[in-house]
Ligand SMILES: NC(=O)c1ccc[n+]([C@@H]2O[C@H](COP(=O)([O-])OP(=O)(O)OC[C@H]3O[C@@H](n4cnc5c(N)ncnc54)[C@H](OP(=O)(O)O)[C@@H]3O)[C@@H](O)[C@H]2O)c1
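This document starts with one chain, in the form predicted alone, laid out as structure tokens.
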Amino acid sequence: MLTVRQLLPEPADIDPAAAHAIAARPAPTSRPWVLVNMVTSVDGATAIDGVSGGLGGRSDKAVFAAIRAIADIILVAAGTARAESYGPPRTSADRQAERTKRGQTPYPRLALVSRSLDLDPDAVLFTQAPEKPLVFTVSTASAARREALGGRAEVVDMDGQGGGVDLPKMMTYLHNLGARTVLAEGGPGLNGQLVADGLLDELNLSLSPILVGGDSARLTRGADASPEPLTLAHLWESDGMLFARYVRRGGA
């Protein structure tokens, strides 16, 4: 049986799903609450051989599922979706019932960010999704790739400065769709842009008790440093892994 111990703010045995379901996440007026969930080694690696799977374990999977269960939208960069072989969100029957009771859809909706639309329309994340994924791109993206995705995704142009996707405009779009909570799962470039745009409200960091070395990317990456003070909301431990939830100061 999996045991998750809360170390802070006060010692207790906790249920990750119940704890994340009741955590305060007050959405701003014009956009959803945005949280990032990532796993790293103790020396800061976000992947082993290009994927994050080797960093986690059963406790990380349980916390990962608990965080996904509260999201309206799961946001991921196309490169991360390809590298991690993303599939559609899997939500247990119990979590579906809890979501419906909270006024959410039974499953979170997947959203991808891709300037090039270099995505396989036959990938399971499209063919088996309970709801068409959103794909945010730019107007200069390939017309052929746009057409290939047309029947399997909702493709939305969201042009920003420098040829990238405008994340603040994208968040407003998601807000207008009714999303109150957006969970971003990387990669580091997308995380860095969220920080630079002042959109990150919460960071959930799973710290794996392993040294990796190598040249793995950091949790966030961007052209300019964008310091953002955070407050530690909780610290959990299970199977040697640490799970820290940080929130933007004044955010919750």
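Sequential numbering from 1, following the sequence displayed. Worth saying up front: this structure is predicted, and the values here are computed from it rather than measured.
Beyond what is shown, the protein has a form predicted in complex with the named molecule; the following relates to that form.
Enquirer: Which of Val113, Val182, Leu149, Leu110 has a heavy atom within 4.5 Å of the named molecule in the predicted complex?
Expert: Spelling it out, the residue with a heavy atom inside the cut-off is Val113.
Enquirer: In the predicted complex, which of the listed residues (Ala97, Leu177, Val156, Ala83) lies with a heavy atom within 4.5 Å of the named molecule?
Expert: Among Ala97, Leu177, Val156, Ala83, a heavy atom within 4.5 Å of the named molecule in the predicted complex occurs only for Ala83.
Enquirer: Taking heavy atoms only, is Ser208 within 4.5 angstroms of the named molecule in the predicted complex?
Expert: Flag for Ser208 set to no.
Enquirer: Pro227 near the named molecule in the predicted complex, any heavy atom under 4.5 Å?
Expert: Result no; Pro227 lies far from the named molecule in the predicted complex.
Enquirer: Tell me, yes or no, whether Met38 is in contact with the named molecule in the predicted complex, where a contact means a heavy atom of each within 4.5 Å.
Expert: Met38: contacts the named molecule in the predicted complex.
Enquirer: Within 4.5 Å, heavy atoms only: does Leu167 come near the named molecule in the predicted complex?
Expert: Close contact exists here: in the predicted complex, Leu167 approaches the named molecule to within 4.5 Å, heavy atoms only.
Enquirer: Just to confirm the contact call: exactly one of 87-95, 72-80, 102-110, 122-130 touches the named molecule in the predicted complex at a 4.5 Å heavy atom cutoff, so which is it?
Expert: In the other structure, the partner sits against 72-80.
Enquirer: Between the named molecule and Ala47, Leu190 and Arg221, in the predicted complex, does every residue show a non-hydrogen atom at 4.5 Å or closer?
Expert: Every residue of the spot touches the named molecule in the predicted complex.
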